[in-house]
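There is one chain below, alone, in C-alpha cells, taken in the form predicted on its own.
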C-alpha cells in the first residue's frame, strides 16, 4: 500500500481503486510513486523511459514530461524487467498484459466520456470457429433500445491492432461510449459494432465463414453488403484492406486506421505484407471499387505514426490507379487517442 504523501495532482482515472499514483499534474505530466525497497533501478516506460529516484521507505518517485490526451500503455521497469504497475488497471496490449494510463482530454472534448444519454451494451459472446478449430470470443456493441425495438441494424466489424485482441476496442477504444454519444446526438445511425480477435492464421476465412454467420444468426442485423462495413487499426487495417478488397461484394465501406501495406514488400513475403495482388485487383476493376465503396477512409496519426510512410506509398499507388479515398490526420502517432478519434469520425459517415 502506498504511504500517505502530498499529491499535487489527481489520481489517473485508470488507477485501481484508492491508488493515489500515478497522478496527473495540471500540465498533464505524470507523477509516479512505486514501492520497491529491494530494487536497484526503477523506471517508467511511457513511450520513452524515465528514471525514478529512490526515497525513504523504499519508495521510488519521478515525474514524466507532459503527455498527450487519451489512453497510453506503460510499464514499470524494475531492474530491467518490464512488469505491470499494481496501481494501474491492466490491458492486453504490447503482446502482453500491460498497464495503461488515461490522460484527460481538454475541457469541452466530451465525445470520449460517459454522458447522461441512453446507453447500449457490450456483450461478450463465444463462438466455435471451424477455421481455427477452437472456441473463440467476440465483443458486440448493441445500441440503446436494441432489446426492445424489434428492428434490424447495420453492422460495423472493427479489428484491433497487433499485440492486442478483441478487448482492445471494447476497453482501450471506448467504443460503446463513442457510439452512445454519437447516436444520442443523432450524429450516427444506430448500429452494432462487432469486435473480434484478429489473432488467427486465416483472418479472412474466420471472419467470413465463422464470425459474420454467427452474428447474423444470433443478432438482429441487416445481412447485406449495404449494411456491412469493415474497419481496423494497424494490423487490423491490413486485414481490412486484404479482406475488403478481395470481397467488395460483402462490404459497403472500409476504414483503415494507422495502417497501409508495407512499402518494402517483395513477392516472397506473405499476403499480409505483399500488396501487389491487391493493387492488381484494384487496377482490373477500378470502377467497381469506386462504385461499391461508399467510403474508403484512411486515417493516420501524423508523421510520427509508425505506419505513416507505408500509408503515403499506398495512397500514391491509389492515385496512380484512380482509386477514390478520403484521408484524415489526427496528431498522436500510433496510439489509441488517434484510433478513438478515427472511430468517432468514421462512424458518423456510415449507413446514411
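Positions refer to the first chain, counted from 1. Here the structure is a predicted model, which means the values were calculated and not measured.
Just so it is clear, the following notes concern the form predicted together with a further copy of the same chain, a form of the same protein that is not shown.
Task: Interface segment, criterion being heavy atoms within 4.5 Å of a further copy of the same chain in the predicted bound form, picked from 275-283, 221-229, 251-259, 77-85 - done: Flagged stretch: 77-85.
- [ ] Determine whether any heavy atom of residue 157 comes within 4.5 Å of a heavy atom of a further copy of the same chain in the predicted bound form, and answer yes or no.
- [x] Contact check for residue 157: no, nothing within 4.5 Å of a further copy of the same chain in the predicted bound form.
Open item on the list: So in the predicted bound form, is a further copy of the same chain close enough to residue 247 to count as touching (4.5 Å, heavy atoms)?
Closed with: Outside the cut-off, so no.
Open item on the list: Using a 4.5 angstroms cut-off on non-hydrogen atoms, would residue 139 count as touching a further copy of the same chain in the predicted bound form?
Closed with: Because a heavy atom of residue 139 falls inside 4.5 Å of a further copy of the same chain in the predicted bound form, the answer is yes.
- [ ] Could you confirm whether residue 95 comes within 4.5 Å of a further copy of the same chain in the predicted bound form, counting heavy atoms only?
- [x] Residue 95 belongs to the contact set for a further copy of the same chain.
Open item on the list: Using a 4.5 Å heavy atom cut-off, which residue among 90, 131, 111, 242 comes into contact with a further copy of the same chain in the predicted bound form?
Closed with: Selected option: 90.
Open item on the list: Only counting heavy atoms and a 4.5 Å limit, does any residue of 23-37 reach a further copy of the same chain in the predicted bound form, and if so which ones?
Closed with: Contacting residues: 35, 36.
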